[in-house]
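A lone chain, given as structure tokens: the form predicted alone.
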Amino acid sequence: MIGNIITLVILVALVVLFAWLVTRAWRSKRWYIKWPGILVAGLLTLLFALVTLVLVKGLYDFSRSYPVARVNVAIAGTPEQIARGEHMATVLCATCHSQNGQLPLSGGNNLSADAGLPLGDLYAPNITPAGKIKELSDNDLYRILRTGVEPNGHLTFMGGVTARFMSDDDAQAVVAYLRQSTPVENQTPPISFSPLLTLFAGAGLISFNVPDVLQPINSPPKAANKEYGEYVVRFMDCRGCHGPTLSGDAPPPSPPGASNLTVVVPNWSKDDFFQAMRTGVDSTGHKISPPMPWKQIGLLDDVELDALYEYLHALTPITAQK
């Protein structure tokens, strides 16, 4: 927050400075100083004023209180539900909430490093029973999973993660697993958004879309078909890096250089796809480089991975890539 305030002060000072230079240029009696000075200083005034407004909007979006959607869930905690929750936590949660990508979810590394941009200190917290979740009800946990908003209305970074588009059943299964997971004592550093990330938020490049009311989310029956594969694409956040059309057109702060899945995957056989996602090496011997989370995707079970392939393989190729 301090970095954002300092940046805001600097931006306001620059706006005032260049606005003052505009007035100085306007008073000049020499045309070659007056008109170029007004043009250059005026454009810079408008530019820094726009950046200032975007930063202020980002600060507001990060700090304001969001309406807390009402929920009333009853977590059964059956062995089957806990097992499903453990699987979903391994696939979805461990990437951020663990330092080694494995359970337990005792707190992760700085996610800013994965983006390759100075986005601040983005440490996913400890969500084992020894962490903050011991102070939260099942309704609170479920609401954070689905909205990214804490009971006090404060936004968490989960608000920008599409894991919240898990089905109701899968989200409840995750809560069931978290409640009985292994407690680990670990305190992660507080989250701090950098001015760059705040600007991204203010410019709308990061969208939270916190719902006032939670609508039911159902998934198709689990099967190796493209309908279930589309659900896997949603909760795995493939579009977060590969763009809305999966053609590699995601804007910042998504990692640059994401491949065009509409062209790549349709050229792979199912065996090629399974090999690439389970080993990190495609059929040509090419090693898949970070930040592509092939290890995370490889944790999907055979039915989920088969369904993902069926969906991606059926995509219409989009060759007009950025």
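So that the term is clear: the rigid core is the largest set of C-alpha atoms that superpose within 1.5 Å between two forms. Predicted, not measured: the structure shown is a model, and the values here were computed from it. When you see a residue number, it is the position in the sequence shown, counting from 1.
Heads up, the form predicted in complex with a small molecule isn't pictured, but that's what we're talking about next.
Using a 4.5 Å cut-off to the small molecule in the model of the complex, not one of Val71, Pro244 and Phe274 places a heavy atom inside that distance.
Lys222 falls outside the set of residues with a heavy atom inside 4.5 Å of the small molecule in the model of the complex. Under a 4.5 angstroms non-hydrogen atom cutoff, the small molecule in the model of the complex has His286 among its neighbouring residues. Shown alone here, Pro256 lies within 4.5 Å of the small molecule in the model of the complex, counting heavy atoms only. Proximity of Gly42 to the small molecule in the model of the complex falls outside the 4.5 Å heavy atom cutoff. Shown alone, this chain has one stretch from 211-219, 171-179, 198-206, 73-81 that lies within 4.5 Å of the small molecule in the model of the complex by heavy atoms: 171-179. Checked against the small molecule in the model of the complex, the residues Asn139, Ser194, Thr156, Ser167 give one hit for a heavy atom within 4.5 Å, which is Thr156. None of Leu145, Ala115, Val184, Leu103 but one reaches within 4.5 angstroms of the small molecule in the model of the complex through a heavy atom, and that residue is Leu145. A displacement of 2 angstroms or greater separates the C-alpha positions of Val263 between this form and the one not shown, with the rigid core held in common. Taking the rigid core as fixed, one finds a CA shift for Pro36 smaller than 2 Å between this form and the one not shown.
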